[in-house]
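Coming up is one lone chain in structure tokens, specifically the form predicted alone.
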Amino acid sequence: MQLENKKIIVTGGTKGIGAATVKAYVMEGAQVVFCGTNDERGKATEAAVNALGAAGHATYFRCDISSKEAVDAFFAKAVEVLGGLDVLANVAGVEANCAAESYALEQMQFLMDVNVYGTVYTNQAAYKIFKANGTEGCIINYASDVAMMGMPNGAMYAASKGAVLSWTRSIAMEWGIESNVRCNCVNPTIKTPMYEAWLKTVDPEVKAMHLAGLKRRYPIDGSMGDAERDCAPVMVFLASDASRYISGQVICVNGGATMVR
């Protein structure tokens, strides 16, 4: 029960890494409010997690984190349910890939609105609560390895995640000094429902080449990781008091594909 009585908000919690994080937090005894933009999936995740009979509990609300007004309203409801806030796990993010010279304004705005401004809005909302309550809070943001090594046909996605890295390091310094709030960034290489769906549609020869490439790239298992097995335990650690003296760090959960120092 590493998170017993912890009050946690999770964004992007309706599928993939976010849903695995919600489940892990509840299993470790936390009270969790999570959001997404798909109500059917959100309610299904809420029901499935609460049916586990764990000590914690999960509550779903709809929220589009690209809207500051929506974020502020969501956090107000979440804090009312939770009775406070200890941790923000900001998992929500989007991707839009194309050739670098072909990005349209709409695509760039979409990426920045969710990945960058959504991170800023949620982090600001959490920090204001931490500061008002005198809480040594914790913020966990999500970036990507491509922010450090580049991504052909994904330059603007990489740029948006690079902004998340820089923002996280900066607030770790600023808010740490002001209020002992710690902020870290996770760079995951994890199989997602979108990836699994894509893999089922590709030509067998292309699939074989893709999987062979993964074996050369990822030292551990020769493949991308599993959200519940490989990423959720890291999220539990970062939300727990065991990580109290860790801040401003990039935690790569990627099987050793990118090694940070």
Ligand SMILES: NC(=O)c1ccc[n+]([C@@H]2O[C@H](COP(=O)([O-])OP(=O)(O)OC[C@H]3O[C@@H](n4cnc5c(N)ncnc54)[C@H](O)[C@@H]3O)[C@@H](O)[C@H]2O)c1
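Numbering starts at 1 and runs along the sequence shown. Note that the structure is predicted; figures quoted are calculated from it, not measured.
One more form of this protein should be noted, the form predicted together with the named molecule, which is absent from this view; the next part is about it.
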Segment that reaches the named molecule in the predicted complex - one of 78-86, 173-181, 92-100, 128-136, heavy atoms within 4.5 Å:
92-100
Check for me whether the named molecule, as it appears in the predicted complex, comes within 4.5 angstroms of all of Lys7, Gly56 and Met235 - heavy atoms only.
no
Which residue among Met156, Ile190, Leu165, Val120 has a heavy atom within 4.5 angstroms of the named molecule in the predicted complex?
Ile190
Heavy atom to heavy atom, is Val116 within 4.5 Å of the named molecule in the predicted complex?
no
The named molecule contact in the predicted complex: Thr37, any heavy atom under 4.5 Å
yes
Should Cys185 be classed as touching the named molecule in the predicted complex when contacts are defined as heavy atoms within 4.5 Å?
no
Is there a non-hydrogen atom of Ile140 within 4.5 angstroms of a non-hydrogen atom of the named molecule in the predicted complex?
no
Taking heavy atoms and a 4.5 Å limit, what residues of 54-72 are near the named molecule in the predicted complex?
Cys63, Asp64, Ile65, Ser66
